[in-house]
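One chain follows as structure tokens, the form predicted on its own.
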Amino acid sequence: MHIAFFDSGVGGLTVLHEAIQCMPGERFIYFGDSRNAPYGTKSREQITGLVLQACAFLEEKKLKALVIACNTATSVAIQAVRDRYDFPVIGMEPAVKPAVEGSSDKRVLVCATDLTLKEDKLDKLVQGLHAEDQVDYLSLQGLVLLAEHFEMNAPETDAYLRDRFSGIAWDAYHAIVLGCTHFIYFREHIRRLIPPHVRIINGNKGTISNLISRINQESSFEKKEIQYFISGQKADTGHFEKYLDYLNNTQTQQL
């Protein structure tokens, strides 16, 4: 049986990358809905329909579990998916909890897509932590298409981030939360543009830990097995694996 990862495009590959390292014996499917990306500017009804359409396709693959590796899709549609299927469905959640627990006297900046920032789910998460007076929000919607076009190192990437970060008094912050899986490709760009005391946090490790706790892991196979699909059509392996290679390279540079 397979573990499937679903995302609006290539962002969920950052979560799959974490899973490959932590769960080397598993068979994976990756479904990127790139023909309908980005999700962050769509309506709730559009997103729910697209997610359920993808899940109907993935159900036929005999899943052990499904990871909705997209914060926007999780915030809008995860309950509809869980209501429909009986295999474990793991969602994404901005890593606000570890961020606010890290300091009581400085602020946290949560960066996400336009729709994630509008959803009640994020507000309820912050309210449940009693952190309303500690957390600020910032949309980095523009990073989604930059990632989709593999333009992480394009000149406009730093220009966009500099513009979005202009006017932020970083001395008041101790953490920035990357609340969209697409944003993780830009971690090193963000690191260069913000002070070293500001931690950069994402929820990928927590998501994979949750996944591991919900399933029985398989023993190792002879080689890694990943099937890739774009919006329901079998995809060229190279299109997605260049992103995994990029993540491997940036991870190596951090060591």
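Model, not experiment: these values are computed from the prediction. Residue numbers here begin at 1 and follow the sequence given.
There is another form of the same protein, the form predicted in complex with ligand DGL; it is not shown, and what comes next is about it.
Sort through 56 to 64, 39 to 47, 226 to 234, 195 to 203 and report the only stretch with a non-hydrogen atom within 4.5 Å of ligand DGL in the model of the complex.
That would be stretch 39 to 47.
Can any non-hydrogen atom of V144 be found within 4.5 angstroms of ligand DGL in the model of the complex?
Answer yes; at least one heavy atom of V144 falls within 4.5 Å of ligand DGL in the model of the complex.
For the stretch 180 to 199, return the residues whose heavy atoms include at least one within 4.5 Å of ligand DGL in the model of the complex, in the order they occur.
The stretch touches the partner through C180, T181, H182.
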